[in-house]
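For reference, the chain that follows is the form predicted alone, supplied as structure tokens.
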Amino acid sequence: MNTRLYSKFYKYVGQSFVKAILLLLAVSILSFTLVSLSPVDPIRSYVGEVGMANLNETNLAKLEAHFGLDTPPVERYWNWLTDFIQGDMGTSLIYRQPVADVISVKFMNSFLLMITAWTCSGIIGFILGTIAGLYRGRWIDKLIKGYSLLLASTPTFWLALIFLMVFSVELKIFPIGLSVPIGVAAAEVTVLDSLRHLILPALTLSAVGVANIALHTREKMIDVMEEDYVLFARARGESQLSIVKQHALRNIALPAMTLQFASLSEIFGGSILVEQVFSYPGLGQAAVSAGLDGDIPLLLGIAVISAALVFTGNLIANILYGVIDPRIRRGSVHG
């Protein structure tokens, strides 16, 4: 029976993986179609207005062949997809470098920012939600709930501007922006310098993420503390701390974990705005620059990589859900 259970669970994992691949393929098709229908001319973006004025028909035809504009859209997509799978995402029109190289550099900056904010928001949100649910109706619950509702309704870019003005401009605790000090060679930048430039953007990004985790955990904590087995544990004389450790935490950790992995999309969306405000050279800022300057190869690469990041988070959440909760495995058997 156990063998059958695990066999079905592996099938469930495989199906989740296939669904993620199909969704990723759908994102690539949709993204390619949208940029193909956009009025942005990649040749004009590449050579500029002056270059277009001095471009003869022969060179224009060469550039059209280079960008694949002389082929039907379906063929152009297929060529782009096969090259993408092989690691060739094209050449960025802004940076004049391979898209894969640009994304790898920008992604590492964004990854450090997002993983810091994601971890902090998950831990802090879980702790605050647990405390609020445990002391429902008391002053600390009202304080945490009010804080969470306020942040949940606050635009990310507005909060970033407030933090920038308060902590950087007025108090001068943190640098105004960028990921490294201005005028310092890359070889001379220390880890402490990078951390000082990372703290404020990460703090801004995590502050918004804390709200959703805290509110969700609070509701789950309230539900758990009203369950019959908790009332029975109280009747047996178990302490509040013992009840929380033995019964509550294990029941609220799973939903919080699932929500935390699912929040990767929100973290990434918020990072785009945060990186713009703090001029942080990450993937989000590169996406905005690619959109404004018509860098279609870079924009397509970022769209697919970002979707892969979000789908990976959801896939991990589904797998962990099935690993931790045996009901998922039993459900996969009956399904």
Partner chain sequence: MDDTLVTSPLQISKRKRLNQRSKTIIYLVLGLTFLLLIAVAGTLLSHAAITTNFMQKNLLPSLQYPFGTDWLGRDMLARTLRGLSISIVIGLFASFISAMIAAILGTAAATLGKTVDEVITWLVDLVMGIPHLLLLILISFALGKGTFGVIVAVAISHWPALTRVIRAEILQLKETNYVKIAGKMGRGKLEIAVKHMVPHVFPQFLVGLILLFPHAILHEAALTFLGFGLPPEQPGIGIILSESMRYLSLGMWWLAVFPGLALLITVLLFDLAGGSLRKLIDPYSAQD
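Between two forms, the rigid core is the largest collection of C-alphas that superpose within 1.5 Å. Residue numbers count along the first chain shown, from 1. Predicted model only: the values in this text are computed from it and were never measured.
As for the form predicted in complex with its partner chain, it is not shown, yet the points below apply to it.
Student: Between its partner chain and Val105, Val210 and Ala256, in the predicted complex, does every residue show a non-hydrogen atom at 4.5 Å or closer?
Tutor: Checked in the predicted complex: no contact with its partner chain for any of the three.
Student: Among 82 to 90, 220 to 228, 199 to 207, 97 to 105, which stretch sits within 4.5 Å of its partner chain in the predicted complex, heavy atoms only?
Tutor: Result of the contact check: 220 to 228.
Student: At 4.5 Å between heavy atoms, is Phe268 in contact with its partner chain in the predicted complex?
Tutor: Yes, Phe268 is a contact residue.
Student: I'd like to know whether Tyr12 contacts its partner chain in the predicted complex, with contact meaning heavy atoms within 4.5 angstroms.
Tutor: The answer is no: Tyr12 has no heavy atom within 4.5 Å of its partner chain.
Student: Using 4.5 Å between non-hydrogen atoms, is Arg76 touching its partner chain in the predicted complex?
Tutor: No.
Student: At the 4.5 Å heavy atom threshold, is Ile115 in contact with its partner chain in the predicted complex?
Tutor: No, no contact at 4.5 Å.
Student: If you check Met165, Ile173, Leu195, Ile123 against its partner chain in the predicted complex, which one has a heavy atom within 4.5 Å?
Tutor: Residue within 4.5 Å of the partner: Met165.
Student: Do any residues of 254 to 277 have a non-hydrogen atom within 4.5 angstroms of its partner chain in the predicted complex? If so, which ones, in sequence order?
Tutor: The stretch touches the partner through Ser265, Phe268, Gly269, Ile272, Leu273, Gln276, Val277.
Student: By the 2 angstroms cut-off, has the C-alpha of Gln240 moved between the shown form and the other one once the rigid core is superposed?
Tutor: It does, since the Gln240 C-alpha is displaced 2 Å or more between the shown form and the other one after the core fit.
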